[in-house]
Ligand code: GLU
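Just the one chain here, the form predicted alone, laid out as structure tokens.
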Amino acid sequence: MAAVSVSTDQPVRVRLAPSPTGTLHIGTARTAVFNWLFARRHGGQFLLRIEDTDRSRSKSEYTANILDGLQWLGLSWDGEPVIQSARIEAHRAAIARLLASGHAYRCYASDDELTAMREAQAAAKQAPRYDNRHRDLSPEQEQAYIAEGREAVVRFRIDDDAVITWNDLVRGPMRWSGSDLGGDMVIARRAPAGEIGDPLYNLVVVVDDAAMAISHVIRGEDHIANTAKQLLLYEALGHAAPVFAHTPLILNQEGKKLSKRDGVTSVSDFRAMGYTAEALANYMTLLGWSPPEGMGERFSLDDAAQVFDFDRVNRAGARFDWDKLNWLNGQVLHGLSATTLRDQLVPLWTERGWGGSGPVAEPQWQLDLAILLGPSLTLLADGVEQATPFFTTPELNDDARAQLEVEGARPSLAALATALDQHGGAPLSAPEAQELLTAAVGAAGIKKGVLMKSLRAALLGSLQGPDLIETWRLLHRIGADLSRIRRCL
């Protein structure tokens, strides 16, 4: 059999084809990013197909999660999504053509027979494969199986001497032998005599990609064996095959494929943890792709789309680096305007029941709190944890309690409380705050550092936190500083 050729002379049309059998996985999202970047780089189209033919596992809530995740990441698609299950008659028609042309046949082998075949192969230490036993049934043999009441799958013929080649955009020239593909391939599930059962993955992908005029199929390297099978189907059906690009897998820190056992793997989980769409999309672009020299690692999708191509996509697996993702996310958050950061934090505060009324509900106070916390944020969720002592009176941790036992700590806080009483409830400027501290230190006869640490302990319940003076001024504006100081006396 001649090598299968790949056509390249057509407009760029790529697709993402997720199965709605789970939430949007980080690997699928990375595939979406590469498809989107390639389409935008070449002025093409990025299409979406929901592969929901696994009826028992496909759920509408997963479809909604996938669509929402793509939109959140900024990966807009062209046209309406294609729903694969709505095209089942087109898939069956293609199978009927393959049956009529002799490229496919009905196989009546029972499950027990197939199990016995595999056990014999295992005993002989042979790789499991279908032995093509029903490839050339006579009409009489076929009628005998039908008379027994046997149902049949449909199998596609794969000759052992077939040679399948393609030029992969990531991996270069690829060559597969038909003998390595496990025997004749099932393309439709069991069905009564004369009927065609539910079409299976490799067949429906080819039929749908051809119908959608897909020019390039960009997907993970775990699909390489499928590509060899699918190229045979393209040829048998008379369709021009697309160009293929098989991207590296995403690996965990141990070098194994990233899976649910590694914890967070879905886009919605990353979103819930406080990662931004910009940082996650940026990081996924770096999972297997190296930006040109001088570009750096911090960029937008639009920036990447100007230069993306497969000559810079690596063959080796891409290890997931939490430190780099965290750094990117921090960079995004630190680059937000104070108003934008506040607008992203307020809903998170509201979910906790904070800021609904009173001084803490004032937009300016919330804006100033966002400004105070912003430089220390790595995740948006950090803006909830670090904001907690501004909305609720914190318990004193062990370090804070120990600080209050330091000589001069409580006398200096008492002196500061007296000075605050005299100051009243008027706004507290930074110079005024410094003056009050200086006066309290003088009254107690201690070093200023003792009072500074003790004040932080009283206000935040910890010796860690943002700028002390600005923290104090914010708490003073809502009348919370004096009461927190007094509880420590």
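Given the structure is predicted, the values throughout are model-derived calculations rather than measurements. Start at 1 with the first residue shown and count on from there.
The next section is about a form of this same protein that is not shown, the form predicted together with glutamic acid (GLU).
Mapping the unseen interface onto this chain, Ser19 counts among the residues with a heavy atom inside 4.5 Å of glutamic acid (GLU) in the model of the complex. Not displayed here, glutamic acid (GLU) is kept clear of Ala281 by more than 4.5 Å at the level of heavy atoms in the model of the complex. Mapping the unseen interface onto this chain, Phe320 falls outside it, with no heavy atom inside 4.5 Å of glutamic acid (GLU) in the model of the complex. Of the heavy atoms in Arg155, none are within 4.5 Å of glutamic acid (GLU) in the model of the complex. Contact annotation: glutamic acid (GLU) lies within 4.5 Å of heavy atoms from the stretch 198-206 in the model of the complex, the single such stretch among 409-417, 355-363, 287-295, 198-206. A heavy atom within 4.5 Å of glutamic acid (GLU) in the model of the complex is found for one listed residue only; from Arg150, Arg342, Arg271, His223, this is His223. Residues Arg15, Glu51 and Arg219 are all found to lie within 4.5 Å of glutamic acid (GLU) in the model of the complex, as judged by heavy atom distances.
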